[in-house]
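Only one chain is given next, in structure tokens, and it is the form predicted on its own.
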Amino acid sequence: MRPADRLPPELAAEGERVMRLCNACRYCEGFCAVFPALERRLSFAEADLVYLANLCHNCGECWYACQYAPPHEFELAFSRTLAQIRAASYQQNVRPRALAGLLRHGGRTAAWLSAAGLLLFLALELARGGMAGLVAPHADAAGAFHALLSHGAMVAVFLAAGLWAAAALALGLAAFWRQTGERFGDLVASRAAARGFWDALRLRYLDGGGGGCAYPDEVPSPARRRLHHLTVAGFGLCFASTSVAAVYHYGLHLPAPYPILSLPVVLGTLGGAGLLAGPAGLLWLKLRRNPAIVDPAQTGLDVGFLVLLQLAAGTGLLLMALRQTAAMGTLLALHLGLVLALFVTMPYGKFVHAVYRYAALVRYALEQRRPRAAR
């Protein structure tokens, strides 16, 4: 295993220590998938630590239930240790490796790429319509958005960004799966793959012991799970909006812009509302969370992603409301720049946790059908 593929020695040693303590205690085995998974093991190699860390949803229940948590002399900070291992696994599996630094500076990465995206689309708009076109209102009848930016230019930019993000995420996922020692076919074409996808989609393990996450404090609450669902629904509706618009454009030969009550606009508006409300609630929870159960070094990664989602959604809704006014040109460049930054940073931001967690859930589903190791 190359040095870049290894956990920091101190972190690996701490991960093994807490796993052995939890394996001996087993008080928390009913909280989530992590504890039944670790109980199947007699030892904990680095690949096991990375798998178990990404299986953890950081619900916080184990911290409050643990009799060995600080200030006990064992100093067993299970959820925080797994959060640190998760962050290290992102670094291990990022592709290309040369861009691993983007993950260490998630907030700044999102900010710089958003600014670069804004400048790119402003330049494209100025090249097409000049300064006079940028600051003038453009009616829907005159093409609105496309008076400043051609459909072909938008498709070219986002197709390139989307293919880059998809390729980088797929290569990272393959690297993570290779660590587990499983067959690649089981990740994409097995009953376990379907089970892992279903568990990931419904956020099954964000309910702790059944009453919800002990997050932001020790009182279990379903708030975190519901806010995640709202965010995922927002993503899904925005994707559906784009897909329907593509059918309108290429299949029905109906070019944008579309009326306010058309299906693409309604879906996009609902999706934008979800991406405003969900991340706002998650940010509020993060402000109130117990710092002992998380890895503080990941705060920038978390906050940068959530803020970028909100800004992209908010500017999109504002653009729709003001698309026939003189503000449209500037808003269009700002919105598309933010969405472009969101696409490009997917493999180098907090979005990667969804990819690796899905893989960990598939691995867990595979293990459940296998005999336990003899003790």
Partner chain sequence: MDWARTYDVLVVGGGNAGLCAALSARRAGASVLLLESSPRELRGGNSRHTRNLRCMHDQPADVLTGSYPEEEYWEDLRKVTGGQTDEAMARMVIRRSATCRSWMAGHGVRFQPSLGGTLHLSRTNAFFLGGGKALVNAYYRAAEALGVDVAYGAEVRELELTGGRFLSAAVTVKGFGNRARARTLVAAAGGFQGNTAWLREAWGPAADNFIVRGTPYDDGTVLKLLSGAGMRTVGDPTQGHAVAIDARAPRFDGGIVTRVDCVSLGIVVNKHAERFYDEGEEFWPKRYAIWGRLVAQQPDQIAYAIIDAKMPGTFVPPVFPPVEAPTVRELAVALRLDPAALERTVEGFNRAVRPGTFDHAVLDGCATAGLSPPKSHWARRLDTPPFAAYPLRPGITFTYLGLAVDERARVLAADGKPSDNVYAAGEIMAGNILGKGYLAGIGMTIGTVFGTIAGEEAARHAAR
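Residue numbers count along the first chain shown, from 1. Only a predicted model underlies this, so the values are computations on that prediction, with no experimental measurement involved.
Keep in mind that the form predicted in complex with its partner chain is not shown, yet the notes after this line are about it.
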> Where, among 215 to 223, 129 to 137, 273 to 281, 94 to 102, do residues come within 4.5 Å of its partner chain in the model of the complex by heavy atom distance?
Replying inline: 215 to 223
> Of these, 202, 183, 288, 72, which has a heavy atom no more than 4.5 Å from its partner chain in the model of the complex?
Replying inline: 72
> Looking at 152, 210, 162, 259, which has any heavy atom no more than 4.5 Å from its partner chain in the model of the complex?
Replying inline: 210
> With a 4.5 Å heavy atom cut-off, would you call residue 353 a contact of its partner chain in the model of the complex?
Replying inline: no
> Counting only non-hydrogen atoms and a 4.5 angstroms cut-off, does residue 13 reach its partner chain in the model of the complex?
Replying inline: no
> Closest heavy atom of residue 314 to its partner chain in the model of the complex, within 4.5 Å or not?
Replying inline: no
> Would residue 42 count as a contact of its partner chain in the model of the complex, using a 4.5 angstroms cut-off between non-hydrogen atoms?
Replying inline: yes
